[in-house]
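What follows is a single chain, given as structure tokens, in the form predicted on its own.
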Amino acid sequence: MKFSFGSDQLALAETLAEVLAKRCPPELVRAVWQSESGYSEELWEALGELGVLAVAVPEAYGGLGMNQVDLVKLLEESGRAAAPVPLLEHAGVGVPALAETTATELAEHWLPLAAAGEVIVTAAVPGSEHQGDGNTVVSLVSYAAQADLAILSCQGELFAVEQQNYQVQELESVDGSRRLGWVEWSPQDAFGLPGASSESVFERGVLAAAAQSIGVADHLLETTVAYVKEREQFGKPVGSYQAVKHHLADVAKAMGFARPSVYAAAWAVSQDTEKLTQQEQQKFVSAAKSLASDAADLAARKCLQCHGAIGYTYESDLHLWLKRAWSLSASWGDAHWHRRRLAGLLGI
């Protein structure tokens, strides 16, 4: 296992961080909460131009031909900025599933468009669907109304469903910049994805949610450290008080465990099953998600406490990152679910 990133990987992550710092301020995230589109079209276009959306697209389809190790720090940066775009679903889950399928015509049509950001591909958690009326299936999908194509599952099989072939009932989400919707669809109106694995879709989704979670937690810690240095109480900065230091040290410690675990999971998911069995991959991924969810939850709780009640008000920018932390922490299985799975895999 290689425990360091290459210069190209770090350079792309640094470039993305610079782009997000300029083009994804808190004002943009707040505006998307109130928008009809549900995501930032301008930011999505910028990510397409930068090549972020093409990372997992094979070179034969106009992509960069990279893997989850190349993508993980990009997802982390998008979490740090609370980027109001479906990068997790598109680049982290949907595109790799299309790249994996042996349905060549489907891949030839959608992957070049996905690499350029001309379409949005979303995905639902495999196995989370339930039976609808008649022959229909109902799935809970992020950015369902905004997507052009959805990767959905039914009885263990994966399908690609175009937007005109499913109906969306939009839901109110705790995070206004991560839109949710119940999608009703029929396998008869969908394309099968032979060769693509629902297990792989799940592991990639879990990894992507974990990567964004540590980005969110890192932002919460960084902004709170800056806040407690400036906020004064009884004539001195609140950050000078031991109790506040302990709160933030606990978050830093949780991040210290979570981040390398997420990077290790990215390595594991990028390996084929000849080098690493599916069960071994699952151990890495569940360990990462449980630690990342715990870190995000702890960061949200401690940083809110350090800010005081003002941090929870809608007028405070902290509010936006708190909601993103809670949303991602529960997405693709929360910490409790993944600890149970990990215990089962370890025979405990």
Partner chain sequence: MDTPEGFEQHREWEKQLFAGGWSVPAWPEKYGGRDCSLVEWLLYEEEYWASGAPGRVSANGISLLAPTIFSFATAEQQERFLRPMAAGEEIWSQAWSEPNAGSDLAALSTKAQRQGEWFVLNGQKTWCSRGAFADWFFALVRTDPEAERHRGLSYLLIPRDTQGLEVREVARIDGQPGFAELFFEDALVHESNLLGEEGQGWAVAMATTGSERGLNLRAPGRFMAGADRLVALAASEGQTSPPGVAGLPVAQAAPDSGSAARGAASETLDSLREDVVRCWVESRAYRWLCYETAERLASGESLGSEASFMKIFWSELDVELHATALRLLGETGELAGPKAQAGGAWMDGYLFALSGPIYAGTNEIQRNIVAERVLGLPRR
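Residue numbers count along the first chain shown, from 1. Everything numeric in this text was worked out from a predicted model, so none of it was measured.
Below: the form predicted together with the partner chain, not depicted.
Using a 4.5 Å cutoff between non-hydrogen atoms, Ser7 does not count as a contact of the partner chain in the predicted bound form.
Interface membership of Ala249, defined by any non-hydrogen atom within 4.5 Å of the partner chain in the predicted bound form, is confirmed. The closest non-hydrogen atom of Ala56 lies beyond 4.5 Å of the partner chain in the predicted bound form. With a 4.5 Å cutoff on heavy atoms, Glu14 does not count as touching the partner chain in the predicted bound form; it lies far away. With the partner omitted here, the stretch from 118-126, 169-177, 189-197, 96-104 that lies within 4.5 Å of the partner chain by heavy atoms in the predicted bound form is 118-126. Scanning Gln242, Asn135, Thr277, Gln155 against the partner chain in the predicted bound form with a 4.5 Å heavy atom cut-off leaves one residue, Gln242. Of all the residues from 261-292, those having a non-hydrogen atom no more than 4.5 Å from the partner chain in the predicted bound form are Ser261, Tyr263, Ala264, Lys283, Phe284, Ala287, Ser290, Leu291.
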